[in-house]
Every structure is written in structure tokens, then in C-alpha cells.
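Next comes just one chain, in C-alpha cells: the form predicted on its own.
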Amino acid sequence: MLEIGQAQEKVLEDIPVLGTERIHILEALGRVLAHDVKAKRDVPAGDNSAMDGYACRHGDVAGASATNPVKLKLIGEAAAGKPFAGRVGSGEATWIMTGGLIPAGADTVVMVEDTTREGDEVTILTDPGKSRHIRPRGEDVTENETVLSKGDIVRAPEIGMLATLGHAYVHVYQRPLVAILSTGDELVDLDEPFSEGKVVCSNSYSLAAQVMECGAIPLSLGIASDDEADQRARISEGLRADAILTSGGVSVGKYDLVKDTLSQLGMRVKFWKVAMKPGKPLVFGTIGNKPVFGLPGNPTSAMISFEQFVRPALLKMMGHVNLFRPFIEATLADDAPKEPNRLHLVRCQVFEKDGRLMARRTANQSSGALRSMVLADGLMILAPEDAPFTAGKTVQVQLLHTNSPLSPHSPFSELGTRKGLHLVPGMGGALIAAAEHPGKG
């Protein structure tokens, strides 16, 4: 039975990065750039005004003040998109709006608040300094500069920059199609009759939502009974996907048939069982180059296993560099007993008290208690060597509510030495800001 860090490493070493595709920039939101983006032109394309005011020669207004005003003759205006065609000479000025191109001959803008105007004459009441209130050509971006890099996540600012640079289309990594199958004679779908002994199959929906949340595309294979032929037929339909995800049927019970069914379809089993709770009965392998995950059937076990193994794998397939949710340090608000010799991932709420981040278990830690996931902000990492876990002890918490993973490597691989942990400092609002900090992949 593998430790969780070892299992994560085995998964990721077998995960391929998908190919690329060219799409419109609005469709690229949340995707990963597959190449560098260079600027086609300077931004801004010319010197322009940062203020509404008057464009003039600084030599004419040097030393101007309320007690030593300077009068200039107005010879025109430079509105945004409508540049002044003439030239500003000595003793002259043009009315200029924010974004307007600086006219030839002018080298300074005086804010309108520092002037008075009468007819075609403007009185300057201050010396703003040479080149003041001018945004120079190329201030933001210079022609041929690499503005966005391969591996960057496309967010709203990146889309705005791409549009500014005139890039309507970009190359991004493809999104994997993920086939999802739930197994069990006890399962019924939402629109099927519910009767004693039956359970509504929440895994089909929660796992599909997790797939969508990380940017991949779910393909529902429905519900298979505890019958090898049914399972084999449904999984075969999913072989056209980039990854296969099943839930249930991977333990050691009489009707736990999924592992054998997958093997019949040619799966090379890389590992079975992980030393973690919840989520111990998990199988991972490949059919050809397709990763296959056999997750536990209990709803919270399936979701937590997805977070630790499937999500990082799908992110890697989509070209992401940072694959894991961010980790923070928090103080236990109450005792968190656990059995020895197994790493526990405890659903918890994170809150602030007296300037410290605190972590408190959600009430019911049963593997079937979905409400504990609804209430959870994160997962407390309780390693056997760190016991006992009493109130006041500092623990690591993996945050669940962020789409911007910060830690490029899993901390589980080095729990014993505490090396390589990527912690997010801060309290309260600072924590939120850090957890949402954008980065590559």
C-alpha cells in the first residue's frame, strides 16, 4: 500500500500533456497558453495625455504659479481618436483630453484644474514639470516584447491584453474528455423511481462537477450494475475519452468487480490502495496511454480522492504547471483524534480568531456524509508521526475553495521532513488574497 505522496508521483509520471488547439480569445478563458505571445506594436502606440488639460511646451510654463501665471494662446484641441494636425509653437497650447495624442511641439500637459480659460486664451497657474501627465509610447508594452508566456493561465486581464495587441486567436492546450462511470446495484439516477435499499447516485454529478471545475469535459457513462459484462460494455464506450474515471467496486467485497473488469480491458495496474483515510481503496492504471482512476464509492471518499489524484492529473494534461491546491498553517480549534498508522484528510472549516487562523472539523467525518464536504473550507493533513492532535496544535490545511493552485509539488511526498511545503502566510483577508494569487498554470 503506497503513501499518498508516492501514489501522486506514480500518477503524474504517467500523465501525458495533451496537444494544442487554436481558439478565439474569449473561449480561452481559464485555459493555458501553449506558446509565447509577442507584441505586434507599442502600447500605447504614441505619446498621449494622462489627464484632461492643455498640451504645451514646458519652456513656456517653467516657474508658473498662482502669483506668477503664464498666458498661452489656444490653437486647437486634441481629443482621443482625433489628433491635432498642427504643431504647438512657443506661447501656444491645445486643449487635450485623456488619451489624446500629444501634438507635435508639445512636451507637457497641464491639468485643467491648474488653469483658467477665457476665450482662446488659457492661464497656467502651476509648473507641472517637464513631460508631466504624458504616457509615453511603449510605456506598457514595446513592439516584439514577449508579453504572455507559454504556461500562463488566460484570465480576464490576459484577454484584455490579447485584444489590445490585436490577437483574436491563441494556441492553448486541449481540454481532456473524462469518461465517468458509477457502479453498484443500489444506485438509481435522479429521474428513476426511488425505493427502499436504493441510493441516488450523487457521484455521477459531484465528480462531473469536479471535472468541470478544473476545466476538463465530463462524459457520463451512466450507472453500471454489479455485473462484469455491463461494466465492461460501459467502460468500453468510454475508451474514446482521454481519461476514465469510475466510482465504486474497487474494494475487496464480493461485488467489487471494477478492478478486474478494467484489467480485462487491458489496464496496466500501477497501484491499488493508498495509505489515507478516507480514500484507501483506490486503483490507478493505464489503458494504452489513457489514465484510469477507480475511485471509492462513498461520496466523500470519491471527492477527496479526486482532489488528490485526478485533479492534478487533469491539470497536467491541460498544460498547467502548478497542480495542487494551496496549503496553509492553522491552529486546531479542538481535539482531532485519529487512528494510528494512517494519514487522515479531515474535512474542516477555517476561520480567524484573535488574529490566528483556526481549523475546526466539520461535524460528521463519515465517508458517506456529503454535508461535511459542503461545510468544508479545506482538508486538515493529520500524519501519524505528528500525533497527538490536540487543541492548539499547528496543522497543515489544504484549501479547497480556490481555482488558483499555488504549490507546484505535492507536500505529501515529504511529510516526514517538512521540506518542500508551500505555505500561504497571512490572516483573514490576507489569506484570501494569497490563496487567489494568480500564477502560471
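Throughout, we count residues from 1 along the sequence that is shown. Nothing here was measured: the structure is a model prediction, and the numbers come from that model.
Note that the form predicted together with a small molecule isn't included here; everything after this is about it.
A.B. asks: Taking the small molecule as it sits in the model of the complex, is residue 202 near enough to touch it, meaning that at least one heavy atom pair lies within 4.5 angstroms?
C.D. replies: Residue 202: yes, in contact with the small molecule in the model of the complex.
A.B. asks: Quick check on residue 187: any heavy atom within 4.5 Å of the small molecule in the model of the complex?
C.D. replies: Yes.
A.B. asks: So in the model of the complex, is the small molecule close enough to residue 231 to count as touching (4.5 Å, heavy atoms)?
C.D. replies: Looking in the model of the complex, residue contacts with the small molecule do not include residue 231, since no heavy atom lies within 4.5 Å.
A.B. asks: Quick check on residue 305: any heavy atom within 4.5 Å of the small molecule in the model of the complex?
C.D. replies: Judged by the heavy-atom cut-off of 4.5 Å, residue 305 is well away from the small molecule in the model of the complex.
A.B. asks: Based on heavy atom distances of at most 4.5 Å to the small molecule in the model of the complex, which listed stretch, 354 to 362, 176 to 184, 74 to 82, 110 to 118, is the contact stretch?
C.D. replies: Single hit among the candidates: 176 to 184.
A.B. asks: Looking at 100, 296, 128, 285, which is the one with a non-hydrogen atom within 4.5 Å of the small molecule in the model of the complex?
C.D. replies: Selected option: 296.
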